[in-house]
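Next up is one chain by itself, shown in structure tokens, the form predicted alone.
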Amino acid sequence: MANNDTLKKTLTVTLVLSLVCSVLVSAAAVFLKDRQDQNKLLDVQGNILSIAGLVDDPRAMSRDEILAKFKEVKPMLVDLKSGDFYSGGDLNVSTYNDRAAAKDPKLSAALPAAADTALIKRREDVAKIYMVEENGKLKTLILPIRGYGLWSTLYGYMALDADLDTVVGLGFYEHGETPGLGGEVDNPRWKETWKGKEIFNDNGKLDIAVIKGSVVPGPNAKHQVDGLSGATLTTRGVNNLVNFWLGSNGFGPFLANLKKGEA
């Protein structure tokens, strides 16, 4: 009887099995991509609803409940170069992707090192924001924010009250910071400390800071947020990214125009 357990046949079987497994894994990845993309979008939408104070816990909601509630949120495009609402052009608010635009030289600009305090390298020319209205008037404005922490780029949103000064909420939906340290940006107690903070001082200048340690009661307390214990670099990163996006290279011009009714 011939011996089938030869090296050649063993290698052949191994290669065939590897090929079959590769095809199955690739097919599964392609087949599931749409579902994965939908789940990611749903997670972002749930986070936006939570940050805007429209829901308590999106994790306790069904897909249909999140989609229905999100209809209360109105997406808009903002031209970051002019500080006005985007008008004309070829961009569609329903399909526009800020993160993809930031990687496209035609839709973004490289930031000089001195201006790139958030360490994002490129900033998109147009950003997608979200507005919640009540009786035809702005109630809450939700702005996308991102920047580098210790190990990763943090992606999130900041929600402002109709006065465009008071923080309604802040949260990150994606990051790779160290659990228990920089990862405490996900801690509900820390996120709660942002509510009610004011981003501008009495002279209308940007004045918001994530400090090292705890906020001391006093006149500056309304502009300060506790740092993350044991996570100095993540704390600094969050401070830098918030100030970048609220400043002159981010949404600063748009906020100024919106306050004057000129956006």
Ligand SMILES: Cc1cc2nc3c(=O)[nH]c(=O)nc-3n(C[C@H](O)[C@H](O)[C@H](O)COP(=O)(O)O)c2cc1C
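Because the structure is a prediction, the values reported are computed rather than measured. Residue numbers run from 1 along the displayed sequence.
The next section is about a form of this same protein that is not shown, the form predicted in complex with the ligand.
> If contact means a heavy atom within 4.5 Å, which one of 201-209, 51-59, 38-46, 226-234 is the stretch that engages the ligand in the model of the complex?
After filtering at 4.5 Å, what remains is 226-234.
> With the ligand left out of view, which of 181, 73, 111, 164 would have a heavy atom within 4.5 Å of it in the model of the complex?
It is 181.
> Only one of 102, 91, 120, 150 gets a heavy atom within 4.5 Å of the ligand in the model of the complex. Which one?
When the ligand is considered in the model of the complex, the option within 4.5 Å is 150.
> Hey, in the model of the complex, does residue 177 get a heavy atom within 4.5 angstroms of the ligand?
Within the cut-off, so yes.
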